[in-house]
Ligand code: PMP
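Only one chain comes next, encoded as structure tokens, the form predicted on its own.
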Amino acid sequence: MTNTLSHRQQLFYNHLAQTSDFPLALDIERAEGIYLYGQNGQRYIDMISGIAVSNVGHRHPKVLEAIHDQLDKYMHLMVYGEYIETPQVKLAEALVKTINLESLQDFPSLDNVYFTNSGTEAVEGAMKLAKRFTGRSEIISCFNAYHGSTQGALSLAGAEFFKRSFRPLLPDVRHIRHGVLEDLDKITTRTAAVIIEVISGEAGVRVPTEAYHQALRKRCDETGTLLIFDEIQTGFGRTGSFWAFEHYNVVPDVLLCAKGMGGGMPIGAFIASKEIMSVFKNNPILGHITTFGGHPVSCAASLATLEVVQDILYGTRGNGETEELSVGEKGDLIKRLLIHPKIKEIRGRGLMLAVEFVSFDVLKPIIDRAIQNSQSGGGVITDWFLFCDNSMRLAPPLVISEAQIREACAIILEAID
């Protein structure tokens, strides 16, 4: 560490485990709405929502109110599933109602919720559930997919770069290409489950056709395979509907959510039918266990978040003001504003976007310059994707306004120039 580092920065580098040699190391004092504020008064527009987490913005007043109310009642009481805790019960009911829509009545009901602490834990629970319910061992995921970093979830990852140093991992994991119809033949009567992102995130926001998801659902039905939709990034309004699967008129057997679910609090879930979920009750008893999953404070925050997202999508912004643009229209506005010879393509749906450049060497300085613009009071935080490092990640809070979008895009264009 050099003498130019502040005391706080020295503590950060000395005592917090590092996951790369080049962390952003932004020293944030507070956050509000779409903004982060540094120790010296710098203001950053958060155009990635803490990686698709702060869907309702930072410190949304309704989420804070729910947290405070629950703190006055109780926090942890008992390991998951033993006590009736009101925040869990209310959130589970509300989640089930978002899934079982009138337009999707031809599909089986997803009416049982298992709460976890994170998206990775939701993946792990769903993998166990699929194996136990089907009696099969093979699990299929996609190349260039990311489902988490624990050993089971990492086994599903579709890039050897992230896995090779941690082998041996889970056996009997196969991979297919996301959105490629020909690969669906690899799903057989040996396959316990296919776990797939409805829209492929870390591959650079690849949006499949409705025909693909329809064919995937059909193939899973033919082979008795459980279809698991990973909506950890896409859920809670990110693509313009509450769940991304609503765009495709297909319902999974198991649904995963986390990230934007908690309004900034840690929480995740996997959701299935009562018939499927009931296999955890015997052989063995307590087939899946968590101590802090469904923490009452996180559940209270999540219920408030769910209600705010529904207001954004179907009513008001959640603060009584009528929304000026829909989530889809905001995404379209970004696509219209970000026109530049160096931009090859913009992919995505709603406010889940990838802005493609020719290479990482071109993109990285643009990201850095956009952040450094904060010295003049208007920096923008963006990012790239794990398996698509030549594309800029844009996933701002759903509450971002038209004026804020225009400001952020102007700063990005200035950084490109």
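All figures in this text were calculated on a predicted structure; none of them were measured in a lab. Residue numbers here begin at 1 and follow the sequence given.
Beyond the structure shown, there is the form predicted in complex with the ligand, which is absent from this document and is the topic of what follows.
With a 4.5 Å cutoff on heavy atoms, I232 counts as touching the ligand in the predicted bound form.
In the predicted bound form, the ligand lies farther than 4.5 Å from every heavy atom of R136. When contacts are judged by a 4.5 Å heavy atom cut-off, T225 does not count as touching the ligand in the predicted bound form. At a distance threshold of 4.5 angstroms between non-hydrogen atoms, P252 is out of contact with the ligand in the predicted bound form. The partner is not drawn, yet in the predicted bound form one stretch among 154 to 162, 140 to 148, 210 to 218, 236 to 244 has residues with heavy atoms inside 4.5 Å of the ligand: 140 to 148. Proximity to the ligand in the predicted bound form, defined as a heavy atom within 4.5 Å, holds among T191, T98, Q88, S118 only for S118.
With the partner removed from view, the residue among K259, H178, H288, K330 that has a non-hydrogen atom within 4.5 Å of the ligand in the predicted bound form turns out to be K259. The partner is not shown here, but in the predicted bound form the stretch 170 to 197 reaches within 4.5 angstroms of the ligand through a heavy atom at E197 alone.
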